[in-house]
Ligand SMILES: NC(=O)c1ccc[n+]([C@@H]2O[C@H](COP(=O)([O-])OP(=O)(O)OC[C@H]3O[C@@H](n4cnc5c(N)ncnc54)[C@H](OP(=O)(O)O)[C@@H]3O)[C@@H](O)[C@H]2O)c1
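One chain follows as structure tokens, the form predicted alone.
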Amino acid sequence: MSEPLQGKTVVIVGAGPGFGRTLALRAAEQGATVVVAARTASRLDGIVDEVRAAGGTAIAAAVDATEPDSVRALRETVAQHTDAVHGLVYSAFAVPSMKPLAQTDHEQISRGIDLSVLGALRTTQEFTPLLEAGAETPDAEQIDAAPASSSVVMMASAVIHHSRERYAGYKIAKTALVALGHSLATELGPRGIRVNTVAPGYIYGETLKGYFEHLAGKYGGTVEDVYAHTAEKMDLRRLPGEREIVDPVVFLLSDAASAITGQTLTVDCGEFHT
């Protein structure tokens, strides 16, 4: 299919300037109407302008996923434009505490869980009726056909696969997010809603390049040296770019993934084998 998301409405919660922007542009290119939502409303206008300039349809809405009233307001905004949602991507993110657990304030861990896990739950709960409206229930006469379904994709992290020092708080939140996805897949499956998780490793975009520049300045060498050292751990000897994380998400949103639910897809150029 040239436009696998044609006619679908996709809501992206946590649509920042990196992954969220790339996903919005790609989903719109594939035919979707995209709703971009994030706490920093000023960032959203630029994304919407880019989508529209490329010929797509986009709507911007501010949301704080830690506030139930804000999530409800987001759903009400979306409902003013459509009576059905076909895809929901939850990628709200905050920089985690990078301290050993013995030195980590419990409140920091709680905030991470609130945003990553409870925020995903609040958003999915609020959008379930619209997602159900976007799913087609198979007829008994068409039981062999692959029915359309709605799709929720939650963005976890490859941190779930390791226990490196200082990543504990982040791993706790993202592992809980995966468990949430499993349970929601079981509960929402009968309503035609699929729930999957994508766990990226490094995403080589502007944010990571800036971090590599910091490391190069701190320890000596060049950004290329830092990249090569990091990529040595990957089977493909390179890091995935934003588009390589986005395309698997688009696949899970599409009807091509109609039989896939309750799964976690790791996208990391082969750093971990799962």
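Numbering starts at 1 and follows the sequence shown. Rigid core (definition): largest C-alpha set, two forms, superposition within 1.5 Å. Here the structure is a predicted model, which is why all the values come from computation and not from measurement.
Same protein, other form: the form predicted together with the ligand, not shown, and the subject of what follows.
At a distance threshold of 4.5 angstroms between non-hydrogen atoms, G262 is out of contact with the ligand in the predicted bound form. Proximity of T66 to the ligand in the predicted bound form: non-hydrogen atoms within 4.5 Å are present. For S157, a non-hydrogen atom is located within 4.5 Å of the ligand in the predicted bound form, even though that partner is not displayed. The closest non-hydrogen atom of S91 lies within 4.5 Å of the ligand in the predicted bound form. Taken together, P17, R39 and T207 are fully in contact with the ligand in the predicted bound form: each brings a heavy atom within 4.5 Å. Comment: 167 to 175 is the region of 167 to 175, 127 to 135, 76 to 84, 181 to 189 lying near the ligand in the predicted bound form, near meaning a non-hydrogen atom within 4.5 Å. With the partner removed from view, the residue among V153, I203, V117, I193 that has a non-hydrogen atom within 4.5 Å of the ligand in the predicted bound form turns out to be I203. Along 223 to 242, no residue reaches a heavy atom to within 4.5 Å of the ligand in the predicted bound form. Superposition of the core reveals a Cα shift of less than 2 Å for R52 between the shown form and the other one. A displacement of 2 angstroms or greater separates the C-alpha positions of G210 between the shown form and the other one, with the rigid core held in common.
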